[in-house]
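Just the one chain here, laid out as structure tokens, in the form predicted on its own.
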């Protein structure tokens, strides 16, 4: 197991470097010079003054240096947690991430917990009671979840809250540690909308994997030994069915931590997704680079965690 973990950690470093290089290069390929954008938006008296201001800003931002030198400086600062200053908000980008990330983290964790707690047991029930009314009901719920776009589910929930309960999302976000009750009142609705959408493929995936596993010889052997059906299903069959489900949940966890922009906009949750959209629209390159880098780092860490869980659930993987 130790060798397996070390191997995955060694793969993590070049993956992170490759992602950071790709992010940096793509941002440099975006049309437009941020120095000119800042100057011409602010306005000046003459073109000579404008050109001088452009050169001063480019020097201040280090844009007059070679690209590789810029990348090395940016990566070194990023690894120390320094992503520079936001052009638009005139404050450190780290402060923006520190402010927005906990909100996306809370929404992502709530969504994943609700989705997994709801979807995995229903997928198991659908598999072990195949072609019964319970199976048909779970399949209808999962197919409806796959069919409805996530933005439509969010809007439908919001319409029902306004129509029947006269409730609108508050304009000001309340942090959990400031007022837990008010915070959960805000977060429960985007959580349910996203969890319903995510739980649908988890149900289908769990059901299909369980149907495949319960036909294996070792499951029939466990039943022949006289083990209780619950032990056969949850101890033997389910643990071997969860590998694809864990992969899917890990992938969605990265997306959620990056921020589901539509849900954040509909329910007024100022998280990472809305911060990224605002930074892109304002061409706030340091903020865009920092948020995308953090999102890539989260994806890689979740992939590493999924690999560790794989090795724990299935010893054949870590010894392969």
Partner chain sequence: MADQTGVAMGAASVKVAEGDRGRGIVGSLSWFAARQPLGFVGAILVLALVVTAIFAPALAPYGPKDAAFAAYVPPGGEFPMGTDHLGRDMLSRIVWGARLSLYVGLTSVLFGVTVGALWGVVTAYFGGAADTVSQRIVDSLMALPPIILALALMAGLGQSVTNVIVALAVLLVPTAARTIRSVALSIKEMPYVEAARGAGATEWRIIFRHVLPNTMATYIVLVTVNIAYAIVVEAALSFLGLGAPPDEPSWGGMLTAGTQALETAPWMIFFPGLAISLTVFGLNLLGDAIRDLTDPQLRGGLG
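Rigid core (definition): largest C-alpha set, two forms, superposition within 1.5 Å. Numbering follows the first chain given and starts at 1. These figures come from a predicted structure and were not determined experimentally.
What comes next is about the form predicted in complex with its partner chain, which does not appear here.
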Its partner chain contact in the predicted bound form: residue 69, any heavy atom under 4.5 Å: no
Contact of residue 310 with its partner chain in the predicted bound form (heavy atom, 4.5 Å): no
Residue 302, heavy atom within 4.5 angstroms of its partner chain in the predicted bound form: no
Partner proximity in the predicted bound form: residue 234 to its partner chain, non-hydrogen atom cutoff 4.5 Å: no
Contact at 5, 184 and 241 by its partner chain in the predicted bound form, all three, heavy atom at most 4.5 Å: no
Partner-contacting position among 79, 228, 224, 156 - heavy atom within 4.5 Å of its partner chain in the predicted bound form: 156
Contact segment among 172 to 180, 208 to 216, 106 to 114, 88 to 96, judged by heavy atoms lying within 4.5 Å of its partner chain in the predicted bound form: 208 to 216
Contacts with its partner chain in the predicted bound form, stretch 7 to 29 (heavy atom within 4.5 Å): 11, 14, 15, 18, 19, 22, 23, 26, 27, 29
Core superposition between this form and the one not shown, C-alpha change of residue 195 at least 2 Å: no
Shift of residue 215 between this form and the one not shown at or above 2 Å (CA, core fit): yes
Core-superposed C-alpha of residue 163 shifting 2 Å or more between this form and the one not shown: yes
